[in-house]
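Given as structure tokens, the chain that follows is alone and in the form predicted alone.
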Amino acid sequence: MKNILLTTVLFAVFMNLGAQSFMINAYGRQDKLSLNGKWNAIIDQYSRGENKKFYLNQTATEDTKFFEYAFANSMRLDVPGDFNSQYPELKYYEGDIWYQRFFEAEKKDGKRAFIYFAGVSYEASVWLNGKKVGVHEGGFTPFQFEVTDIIKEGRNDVVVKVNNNRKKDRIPAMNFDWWNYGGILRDVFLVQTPGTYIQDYKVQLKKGEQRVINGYVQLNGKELTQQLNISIPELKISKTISTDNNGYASFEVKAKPVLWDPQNPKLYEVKITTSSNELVSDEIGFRTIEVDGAKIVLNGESVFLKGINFHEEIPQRLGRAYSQADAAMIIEEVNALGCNFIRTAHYPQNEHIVKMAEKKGLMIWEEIPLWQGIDFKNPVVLEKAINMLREMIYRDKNRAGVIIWSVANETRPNNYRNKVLTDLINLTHELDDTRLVGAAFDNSRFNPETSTVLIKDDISKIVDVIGVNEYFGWYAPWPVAPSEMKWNVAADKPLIFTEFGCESLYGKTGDGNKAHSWSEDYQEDLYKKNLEMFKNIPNLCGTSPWVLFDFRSPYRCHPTNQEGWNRKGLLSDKGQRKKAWYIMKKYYKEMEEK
């Protein structure tokens, strides 16, 4: 009964202004057409496009008529890709952009058709052949709309209105320390499926077991009672199961998989086949992740998380990361640092990054963009946060690399916030009881009488793993020498130092004792001091400096040292290694040898 209820929660239509629950693993579908490429675009600064019916894409043919817009011969934008980095006049643009393209399709008998977006920031309204098919809010998770009755044989016209305005009731809200990239940021597909198709599935180790694989399959359509086959050829598993009247079937099978871990990130080909010959394939790893007191335990062994944060950005291109090549560049730099862990701050990053990290043996902290300044009093915000959490878990629940779901970063305690985060933590455990739940806190306090760092926050008591963001030596002076600082923060559970560091401009030398030098020397010294302090944290089980690359941020206005960049990177915006990079590289090498 519990599995049925859990699947019902995951499978339910998300509270998302008309968007449908998306099919899991669109990349593993047989019949899909990429809609990536050049799209026509119109800047709609005053949001007049719907009133002017841009979505009809009309051309005047009568002498007495005209239209005050045209997609033909208009601006051209790459999809996927943010619009801010593609034209100088769009660098700081926030508002509506209309996208349009034609595509050729074959209307197949007995097939259903869906337009699938892997991510659009922040709100997308979609029309096909002049008919509105839906709206989705949230910039970092997929969505889809069924267009079976709208798609035509031959040429089709798809129009998408994208809006990236910051608003108080959005997540993130009005202020955030990264670039507000807008646009169709990730892949777009036309996916065609049988009349009844595989909507969702989960294939993972049973909780608490290393030799039992279990999970479920959920169908969508009219012929919900079918026989399915789940096969893992390398493990010689071929399991036939039958769905019930709701299209749901669970399974359990004994197996002896090689467990996924950073030294051997083993993945197995998994195939799910229906009676109607639909095949969905995936690569899935099997591992266990648990907490044992103040330790994080992977496959029964205590593990120290050697981590790094990064944004979904290619700084050298001044734009969002979106491709496999982009993922390879970022993950290569992560591996060069000696990491076994990443924090994909502060939002679910694209599937190319998540899957490549998993293949390279990186454990992942994945979080929703509840970042400061959230209007927790507004019940609409809670609904949006719940939906974003559901979509994140729904998309990545089969990824062995993901070990921690995070519900928030740097939020201030109050009754409204505490209630929202408590609800999110409880929901996360309900949706996925096989992973850890965390949050990152920046509200630690130093007691000068005892030279001890403390956190007084009710939410820190109910997460499985506590993340601490603390910038001693940058946003606040060191209260005492780092070696004298004591820590008593959630002593009974694992603590990850999820953020620390400071800004420095690559190549700049200066006084290592002066923050306003903006020098690599100051950053290097600060890193050394943090590592000294870490020795006094008894429950420390991981570190994750902020941040891998310098990244773009309108927050950062110093004319010579920042110029619109947050300079906390261990690597510059050109990929050059700063002195602090070598400090962390050495530290992680020493941790590996212990």
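All residue numbers are counted from 1 along the displayed sequence. Model, not experiment: these values are computed from the prediction.
This next part talks about the form predicted together with a small molecule, which is not shown.
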Candidate stretches 543 to 551, 523 to 531, 22 to 30, 52 to 60, one within 4.5 Å of the small molecule in the predicted bound form by heavy atom: 543 to 551
Interface membership of residue 409, the small molecule in the predicted bound form, 4.5 Å heavy atom rule: yes
Partner proximity in the predicted bound form: residue 469 to the small molecule, non-hydrogen atom cutoff 4.5 Å: yes
Close approach of residue 346 to the small molecule in the predicted bound form, 4.5 Å, heavy atom: yes
4.5 Å heavy atom contact, residue 475 to the small molecule in the predicted bound form: yes
Option touching the small molecule, based on a heavy atom within 4.5 Å in the predicted bound form, out of 177, 146, 375, 223: 177
Partner-contacting position among 358, 313, 499, 137 - heavy atom within 4.5 Å of the small molecule in the predicted bound form: 499
The small molecule in the predicted bound form reached by all of 87, 101 and 161, non-hydrogen atom within 4.5 Å: no
